[in-house]
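This document starts with one chain, in the form predicted on its own, laid out as C-alpha coordinates.
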Amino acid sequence: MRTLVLTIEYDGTEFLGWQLQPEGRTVQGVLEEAMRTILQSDLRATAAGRTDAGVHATGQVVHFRTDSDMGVERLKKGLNGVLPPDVRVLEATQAPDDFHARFSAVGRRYVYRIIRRPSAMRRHLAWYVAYPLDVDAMRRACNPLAGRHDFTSFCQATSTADGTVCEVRELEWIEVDDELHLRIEANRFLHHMVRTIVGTAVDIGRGRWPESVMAEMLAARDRRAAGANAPARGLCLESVRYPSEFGI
(Lines give C-alpha, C1' and ligand atoms only; values in the text may rest on other atoms or scores of the structure.)
Protein backbone atom coordinates (compact mmCIF):
# COMPACT_ATOMS: atom_id res chain seq x y z
CA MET A 1 0.00 0.00 0.00
CA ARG A 2 1.17 3.51 -0.84
CA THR A 3 0.11 6.87 0.53
CA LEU A 4 -0.51 9.24 -2.37
CA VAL A 5 -1.09 12.97 -1.98
CA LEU A 6 -2.94 15.32 -4.32
CA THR A 7 -2.92 19.09 -4.30
CA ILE A 8 -6.15 20.25 -5.88
CA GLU A 9 -8.03 23.41 -6.72
CA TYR A 10 -11.75 23.82 -7.12
CA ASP A 11 -14.46 26.38 -7.67
CA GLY A 12 -16.85 25.66 -4.81
CA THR A 13 -19.84 27.46 -6.35
CA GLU A 14 -21.73 24.35 -7.41
CA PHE A 15 -20.64 22.10 -4.54
CA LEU A 16 -22.23 21.44 -1.16
CA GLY A 17 -18.72 21.54 0.27
CA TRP A 18 -15.87 19.07 0.48
CA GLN A 19 -17.43 16.31 2.56
CA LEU A 20 -19.67 13.57 1.19
CA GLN A 21 -23.39 14.21 1.65
CA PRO A 22 -26.32 11.77 1.39
CA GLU A 23 -27.61 13.86 -1.49
CA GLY A 24 -25.98 16.58 -3.55
CA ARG A 25 -22.70 17.24 -5.29
CA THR A 26 -19.53 17.42 -3.17
CA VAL A 27 -15.84 17.79 -4.01
CA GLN A 28 -14.99 14.57 -2.19
CA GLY A 29 -17.67 12.69 -4.09
CA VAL A 30 -16.53 13.97 -7.48
CA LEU A 31 -12.86 13.26 -6.70
CA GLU A 32 -13.52 9.75 -5.38
CA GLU A 33 -15.59 8.96 -8.47
CA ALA A 34 -12.65 10.02 -10.66
CA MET A 35 -10.25 7.93 -8.55
CA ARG A 36 -12.57 4.94 -8.94
CA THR A 37 -12.54 5.38 -12.72
CA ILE A 38 -8.76 5.72 -13.03
CA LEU A 39 -7.62 3.27 -10.34
CA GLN A 40 -10.50 0.79 -10.64
CA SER A 41 -10.92 0.68 -6.88
CA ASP A 42 -13.15 2.20 -4.19
CA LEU A 43 -10.91 4.59 -2.28
CA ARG A 44 -11.50 7.18 0.42
CA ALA A 45 -9.91 10.63 0.05
CA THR A 46 -9.09 12.63 3.20
CA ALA A 47 -8.66 16.41 2.94
CA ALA A 48 -6.68 18.87 5.02
CA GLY A 49 -9.82 20.95 5.57
CA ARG A 50 -13.53 20.34 5.07
CA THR A 51 -14.53 23.45 3.17
CA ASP A 52 -18.19 24.47 3.30
CA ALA A 53 -20.67 24.88 0.47
CA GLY A 54 -19.58 27.67 -1.86
CA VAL A 55 -16.02 27.89 -0.48
CA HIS A 56 -13.16 27.58 -2.96
CA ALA A 57 -9.64 26.17 -2.81
CA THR A 58 -6.42 26.76 -4.73
CA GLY A 59 -4.28 24.56 -2.49
CA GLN A 60 -6.40 21.86 -0.87
CA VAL A 61 -4.33 18.79 0.07
CA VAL A 62 -5.79 15.29 -0.08
CA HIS A 63 -4.31 11.89 0.74
CA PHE A 64 -5.44 8.33 0.09
CA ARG A 65 -4.02 4.81 0.39
CA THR A 66 -3.83 2.49 -2.61
CA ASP A 67 -2.17 -0.71 -3.74
CA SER A 68 -1.93 0.61 -7.31
CA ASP A 69 1.55 1.04 -8.76
CA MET A 70 0.43 3.74 -11.21
CA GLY A 71 2.97 6.56 -11.51
CA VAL A 72 1.99 9.87 -9.96
CA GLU A 73 2.22 11.85 -13.21
CA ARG A 74 0.06 9.32 -15.00
CA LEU A 75 -2.40 9.46 -12.09
CA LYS A 76 -2.54 13.25 -12.26
CA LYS A 77 -3.13 13.22 -16.00
CA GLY A 78 -5.76 10.49 -15.73
CA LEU A 79 -7.71 12.23 -12.98
CA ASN A 80 -7.69 15.55 -14.82
CA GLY A 81 -8.99 13.75 -17.88
CA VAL A 82 -12.17 12.64 -16.12
CA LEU A 83 -12.73 15.35 -13.48
CA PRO A 84 -15.29 18.09 -14.22
CA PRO A 85 -14.01 21.57 -15.17
CA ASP A 86 -14.48 22.98 -11.65
CA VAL A 87 -11.96 20.57 -10.05
CA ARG A 88 -8.31 20.21 -11.04
CA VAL A 89 -5.37 18.20 -9.72
CA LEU A 90 -2.35 20.50 -9.56
CA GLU A 91 0.17 18.03 -8.19
CA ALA A 92 0.42 14.34 -7.26
CA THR A 93 3.15 12.80 -5.14
CA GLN A 94 3.90 9.87 -2.87
CA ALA A 95 4.28 10.51 0.86
CA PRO A 96 5.56 8.52 3.84
CA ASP A 97 3.05 6.04 5.24
CA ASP A 98 2.50 8.12 8.38
CA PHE A 99 1.39 11.20 6.43
CA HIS A 100 -2.15 12.43 7.04
CA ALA A 101 -3.56 15.41 5.10
CA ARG A 102 -5.41 16.76 8.11
CA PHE A 103 -3.49 15.66 11.19
CA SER A 104 0.02 16.19 9.79
CA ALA A 105 -0.72 19.81 8.84
CA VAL A 106 0.95 22.52 10.92
CA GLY A 107 -0.59 25.54 9.18
CA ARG A 108 -3.42 26.54 6.90
CA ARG A 109 -3.80 29.78 4.97
CA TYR A 110 -7.07 31.27 3.78
CA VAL A 111 -7.81 34.40 1.81
CA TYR A 112 -11.14 36.21 1.86
CA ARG A 113 -11.87 38.56 -1.06
CA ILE A 114 -14.12 41.60 -0.93
CA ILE A 115 -14.90 43.70 -4.00
CA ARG A 116 -16.06 47.31 -3.89
CA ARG A 117 -17.95 47.34 -7.18
CA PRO A 118 -20.38 44.85 -8.77
CA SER A 119 -18.59 42.36 -11.01
CA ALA A 120 -20.06 39.81 -13.36
CA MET A 121 -16.78 37.89 -13.58
CA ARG A 122 -16.07 37.76 -9.85
CA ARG A 123 -19.54 37.41 -8.41
CA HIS A 124 -18.92 33.79 -7.31
CA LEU A 125 -15.38 34.44 -6.06
CA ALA A 126 -15.75 37.51 -3.87
CA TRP A 127 -18.22 39.37 -1.66
CA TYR A 128 -19.46 42.65 -3.07
CA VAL A 129 -19.74 45.20 -0.24
CA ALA A 130 -21.50 48.37 -1.35
CA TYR A 131 -20.72 50.40 1.78
CA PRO A 132 -17.59 52.55 2.21
CA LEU A 133 -15.19 50.76 4.55
CA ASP A 134 -12.64 52.19 6.97
CA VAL A 135 -9.90 49.67 6.25
CA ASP A 136 -7.54 51.07 8.89
CA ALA A 137 -10.24 50.60 11.53
CA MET A 138 -10.72 47.01 10.36
CA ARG A 139 -6.98 46.39 10.67
CA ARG A 140 -6.81 47.83 14.18
CA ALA A 141 -9.90 45.92 15.24
CA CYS A 142 -8.43 42.59 14.12
CA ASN A 143 -5.04 43.05 15.79
CA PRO A 144 -6.16 41.39 19.07
CA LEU A 145 -7.00 38.19 17.18
CA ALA A 146 -3.34 37.44 16.46
CA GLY A 147 -1.80 34.82 18.72
CA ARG A 148 -3.20 31.88 20.66
CA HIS A 149 -6.80 32.41 21.81
CA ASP A 150 -10.09 30.70 22.46
CA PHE A 151 -12.17 31.51 19.35
CA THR A 152 -15.53 30.27 20.64
CA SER A 153 -17.13 33.63 19.73
CA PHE A 154 -16.12 33.09 16.10
CA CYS A 155 -17.14 29.44 15.82
CA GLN A 156 -20.41 28.05 14.50
CA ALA A 157 -20.53 25.35 17.19
CA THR A 158 -19.75 26.08 20.83
CA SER A 159 -17.75 22.88 21.21
CA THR A 160 -15.60 20.73 18.95
CA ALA A 161 -13.78 17.47 19.51
CA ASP A 162 -10.45 19.31 19.31
CA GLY A 163 -11.43 22.32 21.43
CA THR A 164 -11.77 25.96 20.42
CA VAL A 165 -8.22 27.27 20.91
CA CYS A 166 -6.38 28.32 17.73
CA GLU A 167 -3.08 30.08 17.08
CA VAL A 168 -3.42 32.82 14.48
CA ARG A 169 0.07 33.43 13.12
CA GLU A 170 -0.74 35.98 10.46
CA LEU A 171 -3.74 38.22 9.87
CA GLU A 172 -3.64 41.19 7.52
CA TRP A 173 -5.99 43.23 5.37
CA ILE A 174 -4.49 44.05 1.97
CA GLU A 175 -5.90 46.36 -0.69
CA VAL A 176 -5.39 45.01 -4.22
CA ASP A 177 -6.76 47.33 -6.90
CA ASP A 178 -10.52 47.46 -6.25
CA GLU A 179 -10.40 44.43 -3.94
CA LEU A 180 -9.84 44.07 -0.22
CA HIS A 181 -8.28 40.79 0.94
CA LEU A 182 -8.04 39.26 4.38
CA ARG A 183 -5.08 36.89 4.48
CA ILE A 184 -5.04 34.71 7.55
CA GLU A 185 -2.90 31.76 8.62
CA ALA A 186 -3.34 29.61 11.71
CA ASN A 187 -2.47 26.18 12.96
CA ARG A 188 -6.16 25.28 12.65
CA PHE A 189 -9.54 26.92 12.02
CA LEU A 190 -12.95 26.41 13.55
CA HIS A 191 -16.18 26.05 11.59
CA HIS A 192 -17.08 29.44 10.03
CA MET A 193 -14.23 31.13 11.93
CA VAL A 194 -12.86 33.16 9.02
CA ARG A 195 -16.31 34.13 7.74
CA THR A 196 -17.36 35.35 11.19
CA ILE A 197 -14.18 37.41 11.56
CA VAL A 198 -14.75 38.98 8.14
CA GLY A 199 -18.43 39.69 8.74
CA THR A 200 -17.64 41.33 12.06
CA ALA A 201 -14.75 43.35 10.61
CA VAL A 202 -16.96 44.66 7.80
CA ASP A 203 -19.53 45.85 10.34
CA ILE A 204 -16.73 47.70 12.11
CA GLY A 205 -15.42 49.09 8.82
CA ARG A 206 -18.82 50.54 7.92
CA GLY A 207 -19.14 52.15 11.35
CA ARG A 208 -21.77 49.96 12.95
CA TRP A 209 -19.49 49.04 15.85
CA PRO A 210 -16.38 50.61 17.44
CA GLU A 211 -12.94 49.09 16.88
CA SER A 212 -12.72 47.89 20.49
CA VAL A 213 -15.64 45.50 20.07
CA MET A 214 -13.54 42.76 18.39
CA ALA A 215 -11.40 42.26 21.51
CA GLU A 216 -14.53 42.28 23.66
CA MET A 217 -16.14 39.63 21.44
CA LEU A 218 -13.04 37.45 21.64
CA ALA A 219 -13.03 37.66 25.43
CA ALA A 220 -16.76 36.86 25.65
CA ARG A 221 -16.32 33.30 24.31
CA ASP A 222 -19.91 33.39 23.12
CA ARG A 223 -20.96 33.12 19.46
CA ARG A 224 -23.87 35.47 20.12
CA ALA A 225 -21.40 38.26 20.85
CA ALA A 226 -19.89 38.38 17.34
CA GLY A 227 -21.30 39.52 14.00
CA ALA A 228 -22.91 37.64 11.15
CA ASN A 229 -20.98 35.36 8.82
CA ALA A 230 -19.65 36.80 5.58
CA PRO A 231 -20.87 34.91 2.48
CA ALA A 232 -19.06 31.67 1.63
CA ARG A 233 -18.23 32.74 -1.93
CA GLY A 234 -15.43 35.08 -0.87
CA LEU A 235 -13.47 32.43 1.02
CA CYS A 236 -10.66 30.35 -0.46
CA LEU A 237 -8.31 27.79 1.10
CA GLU A 238 -5.04 29.00 -0.36
CA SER A 239 -2.47 26.55 1.01
CA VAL A 240 -1.65 23.98 3.68
CA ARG A 241 1.75 23.69 5.35
CA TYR A 242 3.43 20.47 6.57
CA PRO A 243 6.71 19.62 8.33
CA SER A 244 9.58 19.47 5.84
CA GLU A 245 10.19 15.76 6.38
CA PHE A 246 7.02 14.92 4.48
CA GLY A 247 8.20 16.70 1.34
CA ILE A 248 4.73 18.08 0.62
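So that there is no doubt, residue numbering starts at 1 and follows the sequence shown. In this text the structure is predicted, and so the values were computed from the model without any measurement.
There is another form of this protein, the form predicted together with a further copy of the same chain, and it is not shown here; the text below is about that form.
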| query | finding |
| --- | --- |
| Of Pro118, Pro96, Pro132, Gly81, the one that lies within 4.5 Å of a further copy of the same chain in the model of the complex (heavy atoms) | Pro118 |
| Among the candidates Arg88, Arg169, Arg109, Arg139, the residue which, in the model of the complex, approaches a further copy of the same chain to within 4.5 Å (heavy atoms) | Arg88 |
| Interface segment, criterion being heavy atoms within 4.5 Å of a further copy of the same chain in the model of the complex, picked from 51-59, 65-73, 206-214, 29-37 | 51-59 |
| Close approach of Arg148 to a further copy of the same chain in the model of the complex, 4.5 Å, heavy atom | no |
| Distance check, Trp18 to a further copy of the same chain in the model of the complex, heavy atom within 4.5 Å | no |
| Any non-hydrogen atom of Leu125 within 4.5 angstroms of a further copy of the same chain in the model of the complex | yes |
